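Given as structure tokens, the chain that follows is alone and in the form predicted alone.
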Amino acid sequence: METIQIITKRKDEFVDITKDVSKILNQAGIDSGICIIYCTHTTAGLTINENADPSVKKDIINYLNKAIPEGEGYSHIEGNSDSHIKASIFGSSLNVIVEGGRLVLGTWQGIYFCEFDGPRSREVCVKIIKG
């Protein structure tokens, strides 16, 4: 298992970690298998989405903030329930097929770490399983 260190700068932020995951895969030297990406935080998540047009990230964050607003009278004492809800919707792990030594991603797809309670120092775990 390898880890990716991420430092976020905003409360809500999508960080493209595709190159970091690909680097770990290249170092593993695996031709075929599965790549598991896991987020170890309860107020952050992971997703695969378009990585060509940055306005997609902005649109997703704007929609989430309208649908799940901060400070909406939640019971959680820390005041970050909106972040927990967003993270639960996105999920904490992704599985990506590995073939020919590469991640099987579509032309416009990228792997994103989704920060919902930043800025923070975060960690994502990556496990490559030979198949």
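Don't overthink the numbering: it's just position in the shown sequence, from 1. Worth saying up front: this structure is predicted, and the values here are computed from it rather than measured.
Here the subject shifts to the form predicted in complex with another copy of the chain, a form of this protein not shown in this document.
(message) Please tell me whether any heavy atom belonging to residue 29 falls inside 4.5 Å of a heavy atom of another copy of the chain, as the geometry stands in the predicted complex.
(response) The answer is no: residue 29 has no heavy atom within 4.5 Å of another copy of the chain.
(message) Against another copy of the chain in the predicted complex, would residue 129 count as a contact residue? Criterion: heavy atoms within 4.5 Å.
(response) Residue 129 belongs to the contact set for another copy of the chain.
(request) Please check if residue 70 has a heavy atom lying within 4.5 Å of any heavy atom of another copy of the chain in the predicted complex. (result) It does not: once another copy of the chain is placed as it appears in the predicted complex, residue 70 has no heavy atom within 4.5 Å of it.
(request) Find out whether any non-hydrogen atom of residue 125 is located within 4.5 angstroms of another copy of the chain in the predicted complex, and reply yes or no. (result) Heavy-atom contact with another copy of the chain at 4.5 Å: present for residue 125.
(request) Any residue of 36 to 64 with a heavy atom within 4.5 Å of another copy of the chain in the predicted complex counts; write them all down in order. (result) The stretch 36 to 64, when checked against another copy of the chain in the predicted complex, contributes 36, 38, 39, 40, 41, 42, 47, 48, 49, 50, 53, 55, 56, 58, 59, 60, 63 at the 4.5 Å heavy-atom cut-off.
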